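Next comes just one chain, in structure tokens: the form predicted alone.
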């Protein structure tokens, strides 16, 4: 058993933000994550939008932390070298009822502290986002898009550089209580002993529950309240890299009451693709990431109402994400975040129901957690905290002169492994040799962006596997797409 000041359960956006924030202080911190890498859960399955904060109820933590997170997001992305683009956002009205709803949303946003919100007519909407249907809308200039995978990875890597330990493939299966013993005396503060499926045991004074869909179970396991989490699945289409041609900013429908999300919308990504979705369907299991034909047909129909020029030929893939909702199906909508140390379980800091806009709000959430710990014990800042982190090289984004210079320095920049995304062998190698040692295909994919093009890995996957086998000594049967259980190969045929 190892002893720590803090154990964080979950390496999604919030868990990694908490880890990075606490790494500013002289604390012994460990992060336990059941997946094989950061962003392995809901933080890697969303719309990749930095929200402005107008959708959330005034006075709620959701509203306060979203607005605060939005204001600091661009600076954070510069500091950690994360792809980010301030695009603005349009909410579209199709009738006067929708326009009235947008008027209410705008006033709510103003009360929340959102800046620059304004209603626009059809003519101005056509200038902002040509080809979008509707009679008018609301424009939000402070909305942005970012890369949620590299966001989580960057926070985690920076926390790692500042002394935080990460254990992946470490599912928590039990949490026990013990007494803190210092200088031969037992103290009354509870110490948690967190046990994982592979046999690890980690003692701590503060247990921070960032487990997302499993956060209710973790709370109960630790001796806290048994929060009920309702999984709500959202399905998405991924379109080819046509954003520059078709869509300069996220486009959402005017909100409708009672649904579990914000409605089906169109969102350009920092990589140039367009995302359609999500749906909102309450389901019974937290790991059912299916995409279904009826829902996908409905997604496309609703997306085409927003953008009549949309064609199915642009579709290259689909995926699903699941929100950890506190609001039950019969209620719908949103309940506020729960961020608190449990009074009946000292040291347990629960972060429950952290759904959208949780990624936008992740750093302010982390500061709240730091404040809670700071009330219980003195926090000593590190003098050598490293605030900046350099992101991976993107060969395709460089000028011809810059590309030529890289090839002169390293010939592996001259060998293309992924043709769709123009990813070089050196970029794949850098992804394989990441600081966490994560070698799943998804870990390589999210760092280098290989396998994400129109061929879905048809060209590059075999070349990546060849590198893993012949240059890194990985057995084919050990290569996984994600965590254990997603092995790609079971044996040889010749």
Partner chain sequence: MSETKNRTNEYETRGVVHETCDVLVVGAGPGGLAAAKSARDAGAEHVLLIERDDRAGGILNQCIHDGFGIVRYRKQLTGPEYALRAEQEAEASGIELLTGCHVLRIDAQDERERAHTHVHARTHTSARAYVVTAVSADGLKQIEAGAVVIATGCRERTRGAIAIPGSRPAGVFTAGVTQNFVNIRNIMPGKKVVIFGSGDVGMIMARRLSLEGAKVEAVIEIFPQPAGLSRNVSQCLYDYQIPIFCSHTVSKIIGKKRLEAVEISELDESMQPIKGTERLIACDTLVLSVGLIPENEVAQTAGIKLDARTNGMITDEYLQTNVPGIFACGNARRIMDLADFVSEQGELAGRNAVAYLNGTEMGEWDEARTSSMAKGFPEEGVVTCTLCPTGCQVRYNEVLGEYEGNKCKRGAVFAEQERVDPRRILTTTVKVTGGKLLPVRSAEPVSKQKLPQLVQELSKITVELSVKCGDIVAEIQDGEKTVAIVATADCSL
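Residue numbers count along the first chain shown, from 1. If you're wondering where the values come from, they're calculated on a predicted model, not measured in any experiment.
Keep in mind the form predicted together with its partner chain is missing from the figure; the text below concerns it.
Judged by heavy atoms within 4.5 Å of its partner chain in the predicted bound form, the contact stretch among the candidates 151-159, 289-297, 337-345, 94-102 is 289-297.
A residue is said to contact a partner when one of its heavy atoms sits within 4.5 Å of a partner heavy atom; residue 473 fails this definition for its partner chain in the predicted bound form, lying far away. Taking the partner from the other structure, its partner chain in the predicted bound form has a heavy atom within 4.5 Å of a heavy atom of residue 461. By the criterion of a heavy atom within 4.5 Å, residue 332 is excluded from the residues contacting its partner chain in the predicted bound form. Contact check for residue 433: no non-hydrogen atom falls within 4.5 Å of its partner chain in the predicted bound form. Taking the partner from elsewhere, every residue among 237, 315 and 401 has a non-hydrogen atom within 4.5 angstroms of its partner chain in the predicted bound form.
Here is the short version: of 415, 380, 121, 375, the single residue with a heavy atom within 4.5 Å of its partner chain in the predicted bound form is 415. Among 135, 407, 305, 193, the residue placing a heavy atom within 4.5 Å of its partner chain in the predicted bound form is 407. Shown here without its partner chain, the chain has 476, 481, 483, 484, 485, 486, 487, 488, 489, 490, 491, 492, 493, 494 in 471-494 lying with a heavy atom within 4.5 Å of that partner in the predicted bound form.
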